[in-house]
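This document starts with one chain, in the form predicted on its own, laid out as structure tokens.
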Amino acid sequence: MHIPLDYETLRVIWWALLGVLLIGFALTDGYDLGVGALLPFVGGTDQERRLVINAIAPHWEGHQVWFILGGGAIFAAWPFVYAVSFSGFYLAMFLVLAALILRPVAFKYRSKDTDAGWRSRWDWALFVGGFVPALVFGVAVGNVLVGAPFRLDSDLRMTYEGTLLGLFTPFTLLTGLLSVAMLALHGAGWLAVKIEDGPVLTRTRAIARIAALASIALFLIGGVMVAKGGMGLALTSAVDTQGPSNPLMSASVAAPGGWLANYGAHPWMVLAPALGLLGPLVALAGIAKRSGAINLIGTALATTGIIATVGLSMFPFILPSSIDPRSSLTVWNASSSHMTLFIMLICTVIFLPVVLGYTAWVMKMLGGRITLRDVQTNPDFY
């Protein structure tokens, strides 16, 4: 069968699609996580907390599709990355899944009893279901930048030499807090367009200002640590972008500051960190003008820019090894076969517009602000 796209092009396309799926997850389910993390702090009464919960209730389940698509794309397009990350980060992923499981249970059970203590406990469960995944996702990204402690033997069998607690270092905790601040800001942006003006929105705006400033500060500090902290790798062998996927057929070495090299070679990539810094400023402007739309646009720009910065900085590396650089996984040595990538691309071209269309349709049909009166009178609300 003739494949109209060469192997190199398909690899780059699937690297970009992986980024699109991760950003899509952060832009959709990300605000659900952010709202959950904000819940105990912006809702003062039971009715106010119900207002916050029902701002995301119609959407959060549908947004899980982005999470599933991201995992599926890693499995099908980047099998080496899937094998290493899902095995090495197994306990961290279990922690995330345990926290995510709390969300549907809390949504369904919270209003089953009118007891204040019962509802408060489920509110904190929703907080855990938002805060913990946001933190762990950020910690995972930090570990990708630092490098994961794995090595591949001559038969491509992976040995992971890290521990769960070893994932949490000063730098990775910083990236985890950046993730929390970023998604809390995005959640606040969603509430700004979804709930009525009042005490809840006033508290949300106050927290959003803090989250925006924290996002800027943590992003800048993280950038300095990446530049000065000895992070980065460089390919030292000739790269066969059309060759078979075998990590041991290429050679990499530690290159302190190497994650900044792409910005010198491709100056247009500076747009990503620029968006990461500009987005929170746009959100702050939206808060000052009391414009929910500007606020949400700013948070979306910030989320997109921060995530894109990581991918663009590391290209062509996807998952570097901190203990054996030659085992590091790149776009050129860790993908599925040429034919697999092409068939998956055809499926993506067909089905991704369906997902986007469905998401847009749901947003339109279930749009509009909700009020405390809606919460009090609508029997379908949580």
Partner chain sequence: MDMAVVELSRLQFALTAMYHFLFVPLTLGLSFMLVIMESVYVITKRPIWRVITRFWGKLFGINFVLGVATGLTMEFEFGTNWAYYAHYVGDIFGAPLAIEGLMAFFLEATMVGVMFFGWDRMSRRQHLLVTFLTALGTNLSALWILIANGWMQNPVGAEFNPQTMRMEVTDFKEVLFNPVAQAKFVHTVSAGYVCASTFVMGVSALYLLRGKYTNIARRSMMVASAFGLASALSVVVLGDESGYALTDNQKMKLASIEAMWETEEAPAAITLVGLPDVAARTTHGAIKIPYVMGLIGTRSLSGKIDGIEELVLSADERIHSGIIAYDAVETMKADRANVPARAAFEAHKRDIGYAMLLKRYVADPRKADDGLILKAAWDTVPNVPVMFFLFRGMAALGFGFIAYFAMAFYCASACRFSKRWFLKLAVVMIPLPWIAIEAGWVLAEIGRQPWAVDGVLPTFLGASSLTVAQVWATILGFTALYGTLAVIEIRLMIAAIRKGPIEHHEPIAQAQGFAPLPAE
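Positions refer to the first chain, counted from 1. Every value quoted in this text rests on a predicted model; they were computed, and no experiment measured them.
The form predicted in complex with its partner chain exists for this protein as well; it is not shown, and the discussion that follows is about that form.
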| property | result |
| --- | --- |
| D113: touches its partner chain in the model of the complex, heavy atom cutoff 4.5 angstroms | yes |
| Exercise: G198 in contact with its partner chain in the model of the complex, heavy atom 4.5 Å | no |
| Distance check, S291 to its partner chain in the model of the complex, heavy atom within 4.5 Å | no |
| P244, heavy atom within 4.5 angstroms of its partner chain in the model of the complex | yes |
| Stretch in contact, per heavy atom within 4.5 angstroms of its partner chain in the model of the complex, of 251-259, 173-181, 268-276, 80-88 | 80-88 |
| Its partner chain in the model of the complex: contacted by all of A206, L213 and Y263, heavy atom 4.5 Å | no |
| Among the candidates G43, P325, P316, P58, the residue which, in the model of the complex, approaches its partner chain to within 4.5 Å (heavy atoms) | P58 |
| Candidate from A308, M225, A73, V282 lying within 4.5 Å of its partner chain in the model of the complex - any heavy atom | A73 |
| Stretch 87-120 - residues with a heavy atom within 4.5 Å of its partner chain in the model of the complex | S87, Y90, L91, M93, F94, L97, A98, L100, I101, L102, P104, V105, K108, Y109, S111, K112, D113, T114, W118, R119 |
